[in-house]
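Here's a solo chain for you in structure tokens, the form predicted on its own.
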């Protein structure tokens, strides 16, 4: 209540001063003083205040930008990420220069073009050259930026290289599930009708034998220097695959599989040394508010050297072998082939 009274009193005080100033101005006009200047010294005062506001405003802008930079992501850990970062900073630099110049004109003009008794305003209704300049120049700059962005986007969305590692990522409330193709490197077909409490990915063992050697780890492991194709889908609602350090983001849409490929360039250990943070981990996050358990949509991503990755890959046990009783309950025609797979060393 006290704060409201103070605020009301301050507003009334300012209004009273404004009213008194207006009355004194009208008295000067009524007296017909020849040296009267409309507005008195208010033009110069307001002009100076505009300049001060410009200096303070941009001072705070630079200060806040410096503080915010502490929370910026480190250098991209993927090949396309470096290109998108470069495009981002080029765009930011150009827009900042334009932002600064336009606001400099906006806040300095009230002072330099303030009212003076010995100066008359210039009547300048139009200027064709100026109109053409501020239409053509932005159009050229924007065209260059758009073409640069399109060039990068074309490469990112192009078909993945033939030797890419395929990784299936499935979002559901509220966690990510990941599947690899096993020894044959092929991820088996899925069918949403096959989803149950055990087979949460809906792997269709009857339709595709490639499912037999697929494995489902609790972490995402990726090799450095090899292209990775993410096959993305969602089981229930809209999710969004976000790998911030690789500059990867793609929505997981129910009923509409999506994909994204990229090439990691830094291992987890290299990034830890670069950031001087022994506890650092890459992560897969979700940038869609997919429900009350959204906070749980996180999975650790490990990037290692190719040799280390191959050892990890070879050590993984197929999901079908881990759930042999479930497979047996399906009464599949190729059960002998599956048994032979389980007996392999």
Partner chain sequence: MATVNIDLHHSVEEHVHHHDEHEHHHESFIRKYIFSEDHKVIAKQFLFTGIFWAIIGGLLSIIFRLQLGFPEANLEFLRPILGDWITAQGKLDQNFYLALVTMHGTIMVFFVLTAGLSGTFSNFLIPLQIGARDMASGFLNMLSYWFFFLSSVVMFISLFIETGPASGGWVVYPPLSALPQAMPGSGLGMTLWLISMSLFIVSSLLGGINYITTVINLRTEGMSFSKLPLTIWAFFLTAVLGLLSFPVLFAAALLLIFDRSFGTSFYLSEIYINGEALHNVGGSPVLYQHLFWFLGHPEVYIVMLPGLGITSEIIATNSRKPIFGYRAMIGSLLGITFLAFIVWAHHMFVSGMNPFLGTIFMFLTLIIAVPSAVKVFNYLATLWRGNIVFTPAMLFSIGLVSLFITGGVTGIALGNSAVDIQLHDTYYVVAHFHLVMGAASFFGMVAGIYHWFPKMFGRMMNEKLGYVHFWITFIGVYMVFFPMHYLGIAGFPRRYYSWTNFNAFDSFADLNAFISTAAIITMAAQLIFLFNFFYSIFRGRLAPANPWRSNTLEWTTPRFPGHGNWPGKIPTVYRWPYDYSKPGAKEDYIPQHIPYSETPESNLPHENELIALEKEFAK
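Positions refer to the first chain, counted from 1. Heads up, when I say rigid core I mean the largest set of C-alphas that superpose within 1.5 Å between the two forms. All of these numbers come straight from a predicted model, not from anything done at the bench.
What follows is about the form predicted in complex with the partner chain, which we do not show.
Not displayed here, the partner chain is kept clear of residue 301 by more than 4.5 Å at the level of heavy atoms in the predicted complex.
The closest heavy atom approach of residue 208 to the partner chain in the predicted complex falls outside 4.5 Å. Within this chain, residue 116 lines the site of the partner chain in the predicted complex, having a heavy atom no more than 4.5 Å away. Put simply, residue 74 is close to the partner chain in the predicted complex: some heavy atom of it is within 4.5 Å. Of the stretches 209-217, 162-170, 263-271, 81-89, only 81-89 has residues with a heavy atom within 4.5 Å of the partner chain in the predicted complex.
Shown without its partner, the chain has 91, 95, 99, 102, 103, 105, 106, 107, 109, 110, 113, 114, 115, 116 in segment 89-117 as residues with a non-hydrogen atom within 4.5 angstroms of the partner chain in the predicted complex.
Core-superposed comparison between this form and the one not shown: CA of residue 298 displaced by less than 2 Å.
The two forms, fitted on the rigid core, differ between this form and the one not shown by less than 2 Å at the CA of residue 312. Core-aligned CA deviation for residue 10 between this form and the one not shown: 2 Å or greater.
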